[in-house]
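Presented below, as C-alpha cells, is a lone chain in the form predicted alone.
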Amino acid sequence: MKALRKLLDRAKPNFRPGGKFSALESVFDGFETFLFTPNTTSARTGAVHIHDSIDSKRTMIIVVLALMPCFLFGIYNTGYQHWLACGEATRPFWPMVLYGLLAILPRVALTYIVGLGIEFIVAQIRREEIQEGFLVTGILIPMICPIETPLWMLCVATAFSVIFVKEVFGGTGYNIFNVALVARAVLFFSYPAQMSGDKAFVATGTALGYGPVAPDGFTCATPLGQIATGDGTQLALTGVDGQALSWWDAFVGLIPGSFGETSVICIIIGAIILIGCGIASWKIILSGVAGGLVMGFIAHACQTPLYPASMLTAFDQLLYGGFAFAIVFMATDPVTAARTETGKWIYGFLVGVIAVLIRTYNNGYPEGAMLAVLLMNAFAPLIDWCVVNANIRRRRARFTAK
C-alpha cells in the first residue's frame, strides 16, 4: 500500500491545474479517494469543522455490503429457477451458482459502465469531484429487474435515470426520486412485456453459453402475476415446475421474481446491517411494514373475486413481490425519504399502505412497491414541511401562553 501511495503522490502533480492531464483531475481524485482516505480537511478559510467517521463513501460501501446477502442468494436462485424450468431431475449446487453468476455479471458490469461513465463525463464538464452515489445504484438496478431483461434495455434505463433524475438536478444528494426505481419505472412503462410480472422472471436461455436450455414456449408468471391474471375463484400459486408454493418458499426466496427481491430472510439480514450501522431509519422500515399489514388486513377482510390480490393475507402481502426489498433498501434512501423524525413515521406508513393498495386494486399492475416509493418521494418534502411547521406552531402557542 505504501508503494501505491508513493506512486499516486508522484502522479498527482500531473493531474492538478497546469499539469499535463489537468482535464482528468476529477477522475484521478475519484480513483485516489476510492483507494485512500483523503488527508485534507474542509477548513480552507480558517473555520473550524467537526467530522464524524461516516462519509458518503463509507455509507455507500455499507449499503453494498447489506445488499450482498440478497445478491448472493439471487445468484443461486437464478440457477435454481432455471434448472426447474428446464425440468432437470438433479440440481447441482455449484453449476446453478455458476449459471446465476454468468447471468448477472454482464448486467451489473454494463450498468456500472454506463452509469459511472456518465458521472465521470459530467464531473469533467463541471470540474467537480466524482461522487460515490452510483456505487449503490449500479448494483440496485439489475437486482430489481427481471434476469431476462435485455442488456440494451438496462443500458437505456440506466442512462435515462442518471441523466434526467440525478445529473440535471445537480448530482448525488440533489435528486428528488430514487434513481434505481426510476430506471425500473422507465423499463416498466416502455417495455411492459418484460416488466409487468406476467412473464417468467427466470432465465430460459443459457448464460453466456452455459447451462441447459428450457423447452421452447416455456412460460411462468411470478406469484403476483399469477394472482393478477387469475379468475379470483381460488388462490393457488405455483412455481416454475408447477408445484404449489408455500409461505416458507416465499420467505426463503425460492420463487420466481426479480433477481434480488425474492428472499425475505436475506432482506432482513440487510435491514439489520443498515440499522445497526445507523445508515437506514428503523422508523421508516417499521412503519412501512405496519402500513402494509394494515392495508393488507383491510383488503383481505373485504376480499372480492374482482380483485384477486385481495385474497392474499396481510402476511402474504409482505412476502411476495418487491415489498420487503423496497421498504428496506428503497424507502430508506436518505436523499429521497422524509428527514424529520415524525415525518419518517408518516412517510414509511404511507409507502406500505399505497404499495398494497396499488397491487391489490390494480389488476393491470401486480407490483405496487415501486410506484408507492416514487409517489412518496414526491411527497416527502411536503411531509417534512408540515411536520416542521406544526412544531413551530406548537412552540409559538407555548410561548404566547406564558
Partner chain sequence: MTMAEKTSNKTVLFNPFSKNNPVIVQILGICSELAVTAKLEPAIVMGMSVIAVLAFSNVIISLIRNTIPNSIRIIVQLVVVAGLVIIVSELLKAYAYEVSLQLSVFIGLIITNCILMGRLEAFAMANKPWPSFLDGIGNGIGYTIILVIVAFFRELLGSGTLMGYQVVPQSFYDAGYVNNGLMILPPMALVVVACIIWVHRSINKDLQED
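Note that the coordinates shown come from a computational prediction; the quantities given were computed from them, not determined experimentally. Numbering follows the first chain given and starts at 1.
Separately, the form predicted together with the partner chain exists; it is not shown, and the next lines address it.
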> Out of 260-268, 274-282, 182-190, 221-229, where are the residues with a heavy atom within 4.5 Å of the partner chain in the predicted complex?
Replying inline: 182-190
> Of the options M143, A123, M153, L237, which one has a non-hydrogen atom that comes within 4.5 Å of the partner chain in the predicted complex?
Replying inline: M153
> Since exactly one of I176, I163, L101, V108 fits, which has a heavy atom within 4.5 Å of the partner chain in the predicted complex?
Replying inline: I163
>> Taking any heavy atom pair closer than or equal to 4.5 Å as contact, tell me whether V168 reaches the partner chain in the predicted complex.
In response: yes
> Of 313-352, which residues get within 4.5 Å of the partner chain in the predicted complex if you count heavy atoms?
Replying inline: none
